[in-house]
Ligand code: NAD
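Okay, so here's just one chain, in structure tokens, the form predicted alone.
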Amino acid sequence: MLSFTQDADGIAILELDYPGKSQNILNASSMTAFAETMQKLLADPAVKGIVLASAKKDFIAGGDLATFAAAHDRESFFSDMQGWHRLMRGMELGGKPIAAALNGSALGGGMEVALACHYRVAADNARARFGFPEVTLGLLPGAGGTQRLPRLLGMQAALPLLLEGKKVGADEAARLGLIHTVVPAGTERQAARQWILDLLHSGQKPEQPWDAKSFRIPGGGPGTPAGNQLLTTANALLREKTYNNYPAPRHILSCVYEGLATDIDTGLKIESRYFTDLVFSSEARNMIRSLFFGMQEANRLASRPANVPTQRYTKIGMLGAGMMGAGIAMATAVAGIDVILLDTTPEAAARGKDYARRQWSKQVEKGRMGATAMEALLARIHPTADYADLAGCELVIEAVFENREIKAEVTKKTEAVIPAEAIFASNTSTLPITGLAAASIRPASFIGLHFFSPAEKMPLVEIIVGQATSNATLARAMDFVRAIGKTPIVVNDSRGFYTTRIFSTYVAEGMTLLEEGVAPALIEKAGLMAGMPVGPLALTDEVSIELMHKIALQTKADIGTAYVETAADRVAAKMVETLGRLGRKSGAGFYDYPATGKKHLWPGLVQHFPVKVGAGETAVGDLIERLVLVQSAEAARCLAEGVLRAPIDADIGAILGWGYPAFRGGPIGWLHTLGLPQAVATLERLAAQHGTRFAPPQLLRDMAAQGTSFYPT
């Protein structure tokens, strides 16, 4: 795990090499070994200086999140953190120069270890990143980051790194002062060793800036006018952005404000208290479970059927060159796979390629991509109107109109020319895959690949397994999703599948509230306060009120007399058929979209949907509860019906698919957070008040009665 060598000059090279893992991580085992070795070196008079280095491709990836997730005693955890702080202060005050040789990335706890070194040398490594991403998982840098970083850089430069989890390259890190120098890759240990020798020869003692008697916080501390203004503004902006739903950034500001007002040792103790509070918070545990462990499982294809050889893709077909088809083509081309982009005419297909050109041109203009690289990507997209060009494709994805007849027609034309072993996938968002596969001569190779718009940016793909879809087809489809850098969730076939079905409950509840007479602005504010990225009415406009109306009409036609009209159906029908307001695409929906200026709620909305419900704190809380739990109730039904294969798929799909608030962990994660007995009781109350859409399925009732849960508690 740790090894060190000592040269004739008394310089020890302490090398980190966590066994059995591709990266060095900080946990009880590695931290104990590090502490014992470091204390030994500091106490050995023959050791004059220490270079801290890594045998892995990166320095240290950070703390082991499994350790945090398993923590169960607050005071014991706090005590352990205090011991770690004492070790790092011992490194700083031990009288021996310590230099970090950063061959690759140093993130989170790894960067905090580096900050406790007197000197930091980074290799000129284009892939290396430096920063503190803890806030993205509901935590804060708990090994001194909130205290050392602002003392080193000043609060103004440090806060974006701490509050946004921003990661920077080596050159930017050097410019900021996070590291001291960048040297050619492979020479970082030599450079670190030379700095130590130079310091020893100069007769100077190693000293951190914050331990110098003359130290002043760059730019001023919390008590200065500039510092006070900075923190006040940061606090206001944070509240406006997060509605105080995320405790981690609040705690970071508190650590900076309180810690920098005193000495660093007291500041470190303050940081430990706030860090401990976060580790035991439901928000952090929800985010770690869903965004880290859940995402890890999804991205390594943990649910992929076994014994199916990995599919390597060289050419795929894309039917439909609209925004969705063009976006999928872009993501595929970036992965180094050729795309046959087919539409009804050569001109329509060419417009899809032009969409890709426009999007990539923006990156070229911003310096994020070279013009030559863009042309290479465009060369992988081949627009056409000829189905014969699909010959040789390993996979074909259709993204044509949501119409069964059209989809059946393109299926038959495609299958007439593609190889027998090729996969045919539908990007439908609502139509059951089993029904669409009826048009196929090989339904075992027919599957759903539901992308989200804009497909070139959105990270999620919902894979839908039809009744006849084979395990081999599922495995190969999962291989494609990972090949293009997306995160897959796998669901079984049903109307609306999982994501469309749950997402629609949020926007439908917003329209239901509108019909009930709740003020439109209050509905939107409740959505934002719930943690959603936009209010339900604004989101309906983005998706298209007309599309929602068409889906309702299609569903009614399919189900017949069994269909039950909802308030959302009536609101959408009135907006589309009576008022001609189709959503953002037409420039008029629940909002107005002026050519100049910001969008705003349509003033005429209250004339057609009069306000009957008064505002107030309790009312907003009730609205938030409805907007959140209507999603959880439907997600639980998806589990009960077997549409979802695993609770974590529900949570990942919601967070990545439509921006469900990560601090809640996902719609199933939120039920887990509430506790199933409380969740069932709340859903029963809401069902009695507002309708059966809130009724908990028997699965939830049984789990609550048995004392079981979706995730470990």
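What you see is a predicted model; the values in this text were computed from it and never measured. Don't overthink the numbering: it's just position in the shown sequence, from 1.
What comes next is about the form predicted together with the named molecule, which does not appear here.
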{"item": "Options 313-321, 507-515, 127-135, 601-609; stretch whose heavy atom lies within 4.5 Å of the named molecule in the predicted bound form", "value": "313-321"}
{"item": "Residue (of 469, 105, 286, 428) lying close to the named molecule in the predicted bound form, criterion heavy atoms within 4.5 Å", "value": "428"}
{"item": "The unique member of 433, 399, 113, 623 whose heavy atoms fall within 4.5 Å of the named molecule in the predicted bound form", "value": "399"}
{"item": "4.5 Å heavy atom contact, residue 343 to the named molecule in the predicted bound form", "value": "yes"}
{"item": "Contact label in the predicted bound form: residue 335 to the named molecule, heavy atom within 4.5 Å", "value": "no"}
{"item": "Contact flag, residue 407 vs the named molecule in the predicted bound form, heavy atom cut 4.5 Å", "value": "yes"}
{"item": "Non-hydrogen atom contact residue 453 with the named molecule in the predicted bound form at 4.5 angstroms", "value": "yes"}
